[in-house]
Each structure stands twice: as C-alpha cells, then as structure tokens.
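Shown below, as structure tokens, is a lone chain in the form predicted alone; questions about how it binds or moves come after it.
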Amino acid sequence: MSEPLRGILLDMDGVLYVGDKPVPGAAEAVAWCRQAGIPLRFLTNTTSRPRAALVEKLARFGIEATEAEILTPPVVARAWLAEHVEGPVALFVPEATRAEFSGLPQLADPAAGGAGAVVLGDLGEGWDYPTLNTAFRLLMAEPPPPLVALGLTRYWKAPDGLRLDVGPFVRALEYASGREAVVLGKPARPFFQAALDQLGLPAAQVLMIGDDIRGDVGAAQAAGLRAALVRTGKFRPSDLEGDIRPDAVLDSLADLPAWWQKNA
C-alpha cells in the first residue's frame, strides 16, 4: 500500500499559468493547500527571470509565494558551482538571471576563454550561431570545464505556440564537445531531491504536479515521487499513449482539492 501523501511539488508554467494568463482555479487550489496545512514548493526550469520576478508574477494571479518556496535551476546550480568549480563561470543565461549567481566570479568576456564552468540556461531568441559556438569553444579548452545545464526541458508553450527550451542546445553542445552535461534542473533526480530536502519529506509522501509527461511526471516517478499530469499547458492527448503512466490525470490544478481528499 502506498504511503499517505503529505506534500506537493508544483510545476509553474503550464500548471499555475500559461504564458501571461492564469489557469482558472489554480490560485484557489494553492490557497486550499495552504489552508489544509499541506507543505508545498514551486518547481520550475525557468531560467529567463529571477525568483523575485516569479513571486511578483504569481502575486498578479492571486497566488502567494516567497522566494524561498520557489526552486529554480540557478539556485541549485549556484550551490554546486560554489562547491565544485574554481575560476570564473561563463553564464549563458538572460541578464536578469545573473543576479541568482551573485557572489560567484563571472567571466566578463566568454570569447576570451578561461571559463571554470560553462552554464547554459534558456536564452530564447538570444541563441544564435556565434553564441553557441562561443560556448563550444570554451568547452574545448584544456583542461575542459564542466558543462552545467539548467535543466533539460525540450520545449515549452508560449502564447504564440511551442518554443524550444534549453535542452536541445545542451544536447547540441554535448554532441559537439563529447562532454556530458551536469544537469541541475528537471528532469535530474538531484533537483527533485533538493525540493524534498526543503520539505523535509521522503519522496514516497510527495506528489509532483506538472504538464510535461517526461520532464515532470516521468522524472518525478524515477526519483520515487508520485506524479499527476494536468491537461493544461503543453499537455497533448498523445502523452497518455506512451510508456509513462501518471499516478493521476487532472483536467487542471483546480481539480486538485477534490482528488486529494479522495486519494491522498
């Protein structure tokens, strides 16, 4: 018999909101969790904005959250870099996200070489051939610096349709350089473990809720959590026809309270 559920991890984009539009009923579901005393954390592979901006965005949708409750790849990556890397890091992240790496030496001119690590986030339309090739050249230096990926999300749903995320660019650099990335976001197990450590709960007692059948559901299950898939965000009916079987399928996060009371 499964252990009783006691905590929740919530993906953000696609679950709480889609682009700049809130998912109907999501704010009420989060409020219900807090009233019920269910500890939760917000997980996101978003690297285009710092946690302070995410707190403000959630507030606009009527969702209360603190920076400490939001776990992003830069937060985990900064701790890993501080422990494992000497020398300046080359950050391929949006300008606003650089604040999450404050206190670490940063390479002022990546084209000049000399990186202690190469960190890849979601640059969106900032990715072009010169930028990708600069990262490649840094990785080919001797001694070779580690390639640190802020997640491996394949794509996300923007208001104008699907867009590539950081994963394809990480894979391109892995292939070209022959290096394997250190992944410090979803779907890597250490990212989920960092969230579990914050909750102080074992994996078997925590439910992950997301809209990505692989990056959210499959990855969480591989880390020992139970996982629910919502039919919002990037969800596609074909997600339910593959080899990954969610522990629950919800039309949206608005259905969480009723499901939890019946199944947790």
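All residue numbers are counted from 1 along the displayed sequence. Worth saying up front: this structure is predicted, and the values here are computed from it rather than measured.
Just so it is clear, the following notes concern the form predicted in complex with a further copy of the same chain, a form of the same protein that is not shown.
Residue in contact with a further copy of the same chain in the model of the complex (any heavy atom within 4.5 Å), chosen from Arg189, Arg98, Arg163, His84: Arg163. Residues placing heavy atoms within 4.5 Å of a further copy of the same chain in the model of the complex fall in a single listed stretch, namely 126-134, out of 86-94, 126-134, 101-109, 67-75. The shortest heavy atom separation between Tyr155 and a further copy of the same chain in the model of the complex is within 4.5 Å. Contact annotation for Ala172: at least one heavy atom lies within 4.5 Å of a further copy of the same chain in the model of the complex.
Taking non-hydrogen atoms only, Gly167 approaches a further copy of the same chain to within 4.5 angstroms in the model of the complex. Contact annotation: Ala79 falls outside 4.5 Å of a further copy of the same chain in the model of the complex, judged by heavy atom distances.
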